[in-house]
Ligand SMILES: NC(=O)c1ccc[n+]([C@@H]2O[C@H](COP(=O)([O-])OP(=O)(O)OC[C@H]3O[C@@H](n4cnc5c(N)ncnc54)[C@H](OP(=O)(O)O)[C@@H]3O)[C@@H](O)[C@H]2O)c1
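A lone chain, given as structure tokens: the form predicted on its own.
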């Protein structure tokens, strides 16, 4: 297969290119080449999508994998390559959905945001999702054959968001650890390498349609237990009520002073998608413990250093002290 990856230097697109090379495919990565290296064995075609010179790409392609979130970029690529690409695989996002409260949603049951074509706007979850809806619309209307994949939370080595990475990093240190909400709260994650392998499967099979892509639903307690197993941790988890976290200005999801992977109740459906159809289509996932161990190993390399978001250790200790005082010892730790 002659595969074109629009990107190929960072996280998911890099893993897709690497997986395709491992399988013996002819892989070209179209990128500026400033964010990282393409995988060994792939060809770099230097292309800046803000001002693309499509002549750097020669010949036809059996498949194109595009991770763009900018509608004009996708439109220009389809204009330039549409007749030369037999198949287009757009990596979208579950952020395209207008409803993040309803659990067990799927492409057949959840409404989409309105497509957003205006690009000179501040990036927010809503504008990101709206732009992705517009990109999807372009691909589904104009590509000869296409698959739209809407991933959930991607994790693993190379993750630039630092969301999942907080937990292997923190649990590896051991001691008392502040955990968000309740251990029975549902959550879903997917190792980027598993998604990449499945995307290459889909390109090989020319699978079409629209599918969400994330792991099976588990609980936050089970996930953190698996992370602890993967990093060899004996940490003790103390589960703080969301009201306590809000009163202490702890942020959800990601970023400074956050407890990553914690979402407000009204966003609970975001990490509880029904992905039976995706697993029936061949998605396979590795144990979370393996992902955690590999993520920690990456965090200890020069490339991974500093790629963690969330509470600073001093902030966490202050919160643990307050939590213990507030509960007067009633919060029994979950080992």
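Just so you know, these numbers come straight off a predicted model, no measurement behind them. Positions refer to the first chain, counted from 1.
Absent from the display: the form predicted in complex with the named molecule. The rest refers to it.
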Applying a 4.5 Å heavy atom distance criterion, does residue 307 contact the named molecule in the predicted bound form? no
Does any part of residue 320 reach within 4.5 Å of the named molecule in the predicted bound form? Heavy atoms only, please. no
The named molecule contact at residue 284 in the predicted bound form, heavy atom, 4.5 Å: no
Going by a heavy atom distance of 4.5 Å, is residue 185 a contact of the named molecule in the predicted bound form? no
Of the options 154, 261, 135, 227, which one has a non-hydrogen atom that comes within 4.5 Å of the named molecule in the predicted bound form? 154
May I ask you to choose, among 42, 47, 296, 275, the residue with a heavy atom within 4.5 Å of the named molecule in the predicted bound form? 47
Would you mind picking out the stretch of 275-283, 32-40, 56-64, 298-306 that comes within 4.5 angstroms of the named molecule in the predicted bound form, counting non-hydrogen atoms? 32-40
Can we say 71, 75 and 146 each have a non-hydrogen atom within 4.5 Å of the named molecule in the predicted bound form? no
Just to make sure I understand: among 6-20, which residues lie within 4.5 Å of the named molecule in the predicted bound form, judging by heavy atoms? 7, 8, 9, 10, 11, 12, 13
